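Taking the form predicted alone, here's one chain by itself in structure tokens.
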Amino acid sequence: MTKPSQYKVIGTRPIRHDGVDKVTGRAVYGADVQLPGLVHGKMLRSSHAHARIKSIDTTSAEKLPGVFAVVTGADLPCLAGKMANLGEGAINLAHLSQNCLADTKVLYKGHAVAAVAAISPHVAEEAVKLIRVEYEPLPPVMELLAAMQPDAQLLHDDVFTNRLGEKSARPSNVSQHIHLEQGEVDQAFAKADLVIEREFRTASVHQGYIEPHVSIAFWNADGHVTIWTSTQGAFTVRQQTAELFEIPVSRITVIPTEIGGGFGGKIPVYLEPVAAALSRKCGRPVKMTMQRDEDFQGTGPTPGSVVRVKLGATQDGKLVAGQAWLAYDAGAFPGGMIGPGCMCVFSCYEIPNARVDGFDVLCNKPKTAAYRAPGATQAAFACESVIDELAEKLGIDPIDFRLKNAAKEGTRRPDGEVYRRIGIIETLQAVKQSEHYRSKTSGPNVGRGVAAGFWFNVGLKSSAAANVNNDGTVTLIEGSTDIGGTRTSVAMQLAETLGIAAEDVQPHVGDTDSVGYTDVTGGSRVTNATGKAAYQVGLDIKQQMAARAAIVFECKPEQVAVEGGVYRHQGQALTFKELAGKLPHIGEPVVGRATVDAGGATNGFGVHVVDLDVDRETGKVTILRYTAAQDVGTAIHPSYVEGQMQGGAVQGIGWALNEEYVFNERGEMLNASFLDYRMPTALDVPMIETMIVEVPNPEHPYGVRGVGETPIVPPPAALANAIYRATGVRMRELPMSPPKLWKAISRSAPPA
């Protein structure tokens, strides 16, 4: 990639600002927080996947020496019938509360039932074992399609199917039915020369972050609550906690610690309200840290799914009709990822006649949470597999088929979104012209597959402020927790605006009392939206600095020219640093501030190509070469962009080949550890080659679109398409693990 000539900072690769602290171990993560009088909390979790709670006896636990407090669902306010908008749509607060501490029912194995605060984690664990819970077991509902049946065991009596704003007459395990449609779908299918319809299934998958959930809460005697937590959104934690305790947000301060991975899984609250309830009861700060099995069983994975896709095309390869039916496992409570799945299923293509039906389905599993482009990977696995089959049957190169049908500016999706300037065509062309795609594969069991993917990249709200120091540096405070290097990408945009070096901006992530409201770090929004806030901060500072320069130059502010960080007037010139040195003597301090609402989608598209070898005797897949191309708008820090593309691709590979939640008929997860939950390691993947495509986003001053989520979307479909070319077997269920692939190959083999 060639750095755009108009930029001095953007497109370069400075050392990340938090790099030294991260590599030397000085960075403060949640588990590192220590406070005077700190005690430790532990959770009692349900041994049943579905049961009524008849009674909870905490007497023995409370009497154990070293125990300071015990809480149950009764210690949280009754929120029945109360709804709140927490930034991602309306949510039933009773359900949010019940997911933190079960009330009358447990709805999945690992559901939190009670919690203890004690002098040490060991005493807390001993006390948890003394809590006696009497259950009335109920049949667990584990299978997605079975849960949708009218006679299925109900998880909730207060959940009704919402379809186009109307609720069903009877309670249901289907909380939402989304219906999208455009054009004349049935007539278009009737006129198509080739129609293919297939069904696909995917399992639940964990985000795989290395650091488990950890939170510390202190409920002060004055009623103010301070929470230190590993989270993707400090303001989101503040809002959720305030709603759950029915207290004003001004009485809660959330201090985000460094975060050891999240990928969407650290947006909901799990420990924060429970630690706060324990602290309120015992008057001490309480730290709660999940063990790995708790993280697997008690937090939200991505939904399992059943997806049916039907596509119709003309003989010359033009798509004319599409139909998708998606059922996503929401877990124990409504509010899963079906909405984005429906938005994304046909998002890469121009299909004039399309119909999409999506269902949010309750099962006795942990409530699902976001995972890097939530809902999009399942949908793309289905759509891109059918696209590949269409191209093959029509005798068209898979890239050419996608180019012929690629979405473009003005394309309307079934959900009504009309694209502005987008870059899928340029990304497809980059892959087609790549050395990888033009090279030949060799070997009897070697195959090559391609797939496209999409994530809409949200905007939302961000705030930032910065002050100019008299040594010429700038201190930046912003509200986006940093997962993948966004401190630096935001700081670089401020530096570019001011005409100074990236190293001269010192970025800090503020707590909820130190910076204006900022939405969650997710949706591939931070470099876009918080970067836009930093740009506005830069403009504010430039205007103030020009006014200070006017004092020195003895002219009017509007007569000062500013370019490249140099302030000029009639032959006089001051660099930013020189002018900053004069600030103490020529007026008040210079402080810039900005808040932005970055609006809607910026639309990120990616195309992946993979070569692999299949061992027919074991079903093991060996990836030989992998290339990920993506339109990122503008690459602020190319190294971080490449890292996001590589990381997302590896996670998608794990999802495709090995990762899954394995449950038995009682609803117990059988692989709740990294020993048994098979994630890819460096031994499982080659170096992921990257191709950065830059089609600037016209809504951003530097053209940023966002990067982080799109790269997890194409891998399962690309691998499935490559497996087909290596074996002749079309895999339609994830993961395509060695046992499943071996069975499929064995079934397809001719008799000896």
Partner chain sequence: MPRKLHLSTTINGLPTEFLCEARQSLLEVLRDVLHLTGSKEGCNNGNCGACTVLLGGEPVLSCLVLAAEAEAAEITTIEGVACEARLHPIQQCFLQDAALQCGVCTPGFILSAKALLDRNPNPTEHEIRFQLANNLCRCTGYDKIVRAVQHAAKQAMASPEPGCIAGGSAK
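None of the values given here were measured: they were computed from a predicted structure. Numbering follows the first chain given and starts at 1.
Only in words, not in the display: the form predicted together with the partner chain, which the text now covers.
Taking a 4.5 Å heavy atom cutoff to the partner chain in the predicted bound form, the contact residue among Gly339, Gly73, Gly581, Gly647 is Gly647. Between the partner chain and the residues Gly599, Pro77, Gly643, Pro352, the one pair within 4.5 Å by heavy atoms in the predicted bound form involves Gly643.
With the partner chain left out of view, the stretch that reaches within 4.5 Å of it through heavy atoms in the predicted bound form is, among 43 to 51, 29 to 37, 719 to 727, 693 to 701, 29 to 37. The partner chain in the predicted bound form is not approached by Phe189, whose heavy atoms all lie more than 4.5 angstroms from it.
Using a 4.5 angstroms limit between non-hydrogen atoms, Leu130 is distant from the partner chain in the predicted bound form.
Taking non-hydrogen atoms only, Lys367 never approaches the partner chain to within 4.5 angstroms in the predicted bound form. Contact check for Glu659: a non-hydrogen atom falls within 4.5 Å of the partner chain in the predicted bound form.
For the candidate spot formed by Lys393, Pro444 and Arg625, no residue has a non-hydrogen atom within 4.5 angstroms of the partner chain in the predicted bound form. Taking the partner chain as it sits in the predicted bound form, the stretch 679 to 706 comes within 4.5 angstroms of it through a non-hydrogen atom at Met679, Pro680, Thr681, Ala682, Leu683, Val685, Pro686, Met687, Ile688.
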